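The chain below stands alone and is given as structure tokens, in the form predicted on its own.
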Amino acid sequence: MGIPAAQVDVTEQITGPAMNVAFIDGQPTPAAHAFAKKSGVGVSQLERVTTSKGEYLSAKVTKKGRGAAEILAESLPKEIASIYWPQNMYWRKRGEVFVRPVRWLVAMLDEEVIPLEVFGIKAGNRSRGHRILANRDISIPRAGEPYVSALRDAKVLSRGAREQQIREALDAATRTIPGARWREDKNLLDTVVNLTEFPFAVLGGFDPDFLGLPEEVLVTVMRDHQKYFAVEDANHKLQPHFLAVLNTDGDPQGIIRHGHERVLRARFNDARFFWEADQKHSLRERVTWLKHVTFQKDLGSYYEKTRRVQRVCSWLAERIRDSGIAIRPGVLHKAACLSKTDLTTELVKEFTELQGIVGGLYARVQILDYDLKEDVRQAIATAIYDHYKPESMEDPVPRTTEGALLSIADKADSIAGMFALGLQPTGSKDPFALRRQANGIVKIIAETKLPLNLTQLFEYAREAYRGSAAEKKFSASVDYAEAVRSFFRERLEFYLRDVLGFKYDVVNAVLVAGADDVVDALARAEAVTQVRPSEDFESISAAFKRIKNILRQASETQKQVAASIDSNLLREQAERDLAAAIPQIAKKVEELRGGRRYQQALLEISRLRPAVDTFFDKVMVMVDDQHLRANRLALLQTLLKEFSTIADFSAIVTEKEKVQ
């Protein structure tokens, strides 16, 4: 809809051979004939044009615009074939893959069928209705609303209509239980919307005795394994009911409901059996079992990973405690020791998405140490429960400092080992989900305001592998420190720009000045955003661009820059004023920067504007006198160095640049 029927005709002037080649003694040569044929005109229609290089033949060529149907017929098969799916299917020729076998194809422009072929199937104007409610061919009279209406009559709804119908059906079914409501779950809703064509919801129930199992287990079984919505009361307490979304128009005899209840009962019985069987062995016993669970073929077992994570946690605890943040090292150490033991449990083997969560649940109910206080045990359980968080930028971070540090240590160990092996992400490939784990580290540090240095963290994470069998397999060709530094700069850039919404030039300016301290970078980005609209800051940013260009040109032409500013060579009043202002303002900026009062520090830097503007108005930097020039270059270099620790102002795009 809204597509032009054809491209606009384009007329262009093309230049051919030189006149002395195209005509000899007034007669056209083969070169002239060839050019005329190529241009689609007669020799008599060729024109003579004069250029800076001489006289040449020229021709006006009109390229007729192609029809929309012709262009679509050529481009759509390529677009369909290029769609990325995590898993594909072969059903025809080797090399032709799609998410599902393609049985028919509708491609129309208004009433016209677009003549294209995909996977051996020619496009037409016929589709099929719902396979149960309207199992028949249907004719599509026209693209747009008639297409939607024809499918709706055949019990196939659009995505938006399916979601609305599902929500209404869930609401209607839940209203039959006083005080109940279905638990909102966006991911599950998206899933069932895409699994149905004409959805309907059915309410089912289960034995209330199953509510004795942890809610996390019950909801996981319902949501991840059966695609059921949970039902809760006004206080978010789980109720013994579920909602299944069907691809049909009803269940008048309750046969489908009974079937779903029977399947769910079996799944819950399995979960209860695994839960009870797992309690026969404590998490403490399971630590040594981790020796037989492989973390990664070159990085050893989960037992070895646990020991490394404990060492990193101890290092983190010292840094956090030294900064004045409350931390219980014993809780962190014990949580790190037990964090991976649930990988040996039957419940996690059956429900892999519950790893970490099961460990936390078991730690709540098991005796970890006989003399352990209840609040300490619960703190250990919470840290274990949360240590995989956040699994996406939408997920919450761990609730406690101990959980946050355990999560950071676990993720840092994985990233350090993979990078040392040379297995860092490339392009769209990230088989070990290292970007997600790095995003998690950045998000945790940013939201919990932990004073951690990323370079130091990953130096220690790499050091934790020292002397291990894994270290012998590390790649000697990998510049580990630079690879990790570059990787986390990208992740921090993504977090500041795409997650928090800072302008790209603000992010670039801030990260040039330092990307090791996430909390500090965030504070500097906020400060630059606050002062950016001021006229003085705009002017200073433009001046710093000019300074950087002058220094770059001096370097390229091998002009000497003095090691320090010589006050005896400050001839002009403007350069003396600037030289005097730099140390005064630099001292105030350093004090403010030490207290992370970056907005005030940036406003102080903006006070340099009059002195800088006057300097460039009155002083010529690149003079012939090499001593004078070197001193003035040193003055500019000092200015740039002293006041680029918060942000690289030359990276800021000014309003003048936007207009240009």
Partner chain sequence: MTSSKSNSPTFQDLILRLQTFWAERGCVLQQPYDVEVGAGTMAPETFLRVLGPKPYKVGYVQPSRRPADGRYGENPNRLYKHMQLQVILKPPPDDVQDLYLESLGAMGIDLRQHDIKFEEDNWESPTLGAWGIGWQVMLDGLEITQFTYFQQCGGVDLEPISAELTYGLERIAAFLQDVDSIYDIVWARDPETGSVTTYGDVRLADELQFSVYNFEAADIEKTWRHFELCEAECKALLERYAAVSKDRTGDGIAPARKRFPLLAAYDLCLKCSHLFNILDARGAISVTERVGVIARVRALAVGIAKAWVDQQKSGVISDEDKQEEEKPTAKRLKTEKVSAIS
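For clarity, every value in this text was computed on a predicted model and none was experimentally measured. Residue numbers count along the first chain shown, from 1. Basically, rigid core = biggest C-alpha set you can superpose within 1.5 Å across the two forms.
The form predicted together with the partner chain is left out here; the points below concern that form.
For a residue to qualify, one of its non-hydrogen atoms must sit within 4.5 Å of the partner chain in the model of the complex; none of 333, 434 and 648 qualifies. Within 4.5 Å of any heavy atom of the partner chain in the model of the complex lies no heavy atom of residue 344. When contacts are judged by a 4.5 Å heavy atom cut-off, residue 78 does not count as touching the partner chain in the model of the complex. Among residues of the shown chain, residue 165 is not one whose heavy atoms approach the partner chain to within 4.5 Å in the model of the complex. In the model of the complex, the partner chain lies farther than 4.5 Å from every heavy atom of residue 288. Annotated contact segment (heavy atom within 4.5 Å of the partner chain in the model of the complex): 101 to 109, selected among 101 to 109, 383 to 391, 334 to 342, 403 to 411. With the partner omitted from this view, the residue of 186, 292, 237, 159 that lies near the partner chain in the model of the complex is 292 [heavy atom within 4.5 Å]. A single residue from the set 363, 461, 484, 245 has any heavy atom within 4.5 angstroms of the partner chain in the model of the complex; that residue is 245.
Although the partner chain is not shown here, in the model of the complex the stretch 230 to 268 places heavy atoms of 245, 246, 247, 248, 249, 253, 255, 256, 258, 259, 260, 262, 263, 265, 266, 267 within 4.5 Å of it, in sequence order. When two forms of a protein are overlaid on their rigid core, residues whose CA moves 2 Å or more are considered shifted, and residue 99 is one of them between the shown form and the other one.
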